[in-house]
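Only one chain is given next, in structure tokens, and it is the form predicted alone.
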């Protein structure tokens, strides 16, 4: 059964694209363009021009021809939005976002406070996770970034599950108190915001706290502040994703080199006709591409237990 949304939304869509929907135009692996479909508009890109009229009515995931090539029209998700969003600040990528959601124990119905809205990468991931009956309260000290994220939430149909406020949580605290299930911090001095984070977490239900810091000095001070605020099970992790691919390489152990000299060992394999063939190559996994991003930051997480009354 297909639900017809009352407004364009990241949460519900028809099988076919309607005017006002946000689509992710997949041009190449490194280029994806988020576009709000409107009649009379034209998207200019690497493969020429694509009129929005040609997008309306098409199925999600369909391949469309532009004037100088073809593109794919994809349904937006938090991952695709992270890869294609307009960047106003440095952002958290999918690997970190996924781990943060897990550490926050975020789920439909959760109330999450976020500090450091930035470009809204993690904000969209949290909003889509806590919907339809949860809520995200995201805070930032910059009014321009906050207003832009508010516009995106409205365009993407996430206004009902999000609230974006201009506030310095390190001095003024969070928008809610004694109601949150989890708090995420991405601020220069997280130890200043941690006491306010403890106040925002529900005393009846308890909750989780996650802090993102790029250096260990911040982590050390944050851990001390968490312990002083009553948090337990404090732990810091680091995510270092690594892409690999399988290749055939000549491999030789020291024992084989001692026995047969500088020659490659051969494997005996049967082909489809049953004949035995010798192959000196073996399959192995190598890092590819050779240059990959490594350290992004440290994730420190802790638990605040509920208070028994």
Partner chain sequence: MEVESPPTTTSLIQAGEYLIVQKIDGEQSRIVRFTPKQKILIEKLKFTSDSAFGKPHGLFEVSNNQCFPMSVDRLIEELQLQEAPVATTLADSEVVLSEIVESSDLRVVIAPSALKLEPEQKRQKLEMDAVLEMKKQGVSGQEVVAKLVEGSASFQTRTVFSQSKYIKRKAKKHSDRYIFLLNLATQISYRVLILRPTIRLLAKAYYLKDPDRLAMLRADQLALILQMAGVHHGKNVLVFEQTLGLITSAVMERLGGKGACVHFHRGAVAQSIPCVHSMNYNESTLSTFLPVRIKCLLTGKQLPYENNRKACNEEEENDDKTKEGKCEENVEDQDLEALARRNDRLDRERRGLEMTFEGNAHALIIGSRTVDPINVLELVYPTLAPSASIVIYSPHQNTLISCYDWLSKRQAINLVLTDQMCRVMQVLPDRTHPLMAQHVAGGHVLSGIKVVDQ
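Residue numbers count along the first chain shown, from 1. Quick caveat, the model's predicted, so the values are computed rather than measured.
If you look for the form predicted together with the partner chain, you will not find it shown, but the lines that follow are about it.
Annotated contacts: 85, 141 and 169 are all free of the partner chain in the predicted bound form [non-hydrogen atom within 4.5 angstroms].
With the partner chain omitted here, the record of contacts in the predicted bound form names 121-129 of 184-192, 144-152, 171-179, 121-129, defined by a heavy atom within 4.5 Å. Not displayed here, the partner chain is approached by residue 78 to within 4.5 Å at the level of heavy atoms in the predicted bound form.
Residue 259 falls outside the set of residues with a heavy atom inside 4.5 Å of the partner chain in the predicted bound form. For residue 214, no non-hydrogen atom is located within 4.5 Å of the partner chain in the predicted bound form, even though that partner is not displayed. Using a 4.5 angstroms limit between non-hydrogen atoms, residue 134 is distant from the partner chain in the predicted bound form. Residue 62 is the only one of 67, 41, 62, 249 with a heavy atom lying within 4.5 Å of the partner chain in the predicted bound form. Between the partner chain and the residues 111, 164, 103, 198, the one pair within 4.5 Å by heavy atoms in the predicted bound form involves 103.
Scanning 184-223 for heavy atoms within 4.5 Å of the partner chain in the predicted bound form gives 208, 216, 219, 220, 223 in sequence order.
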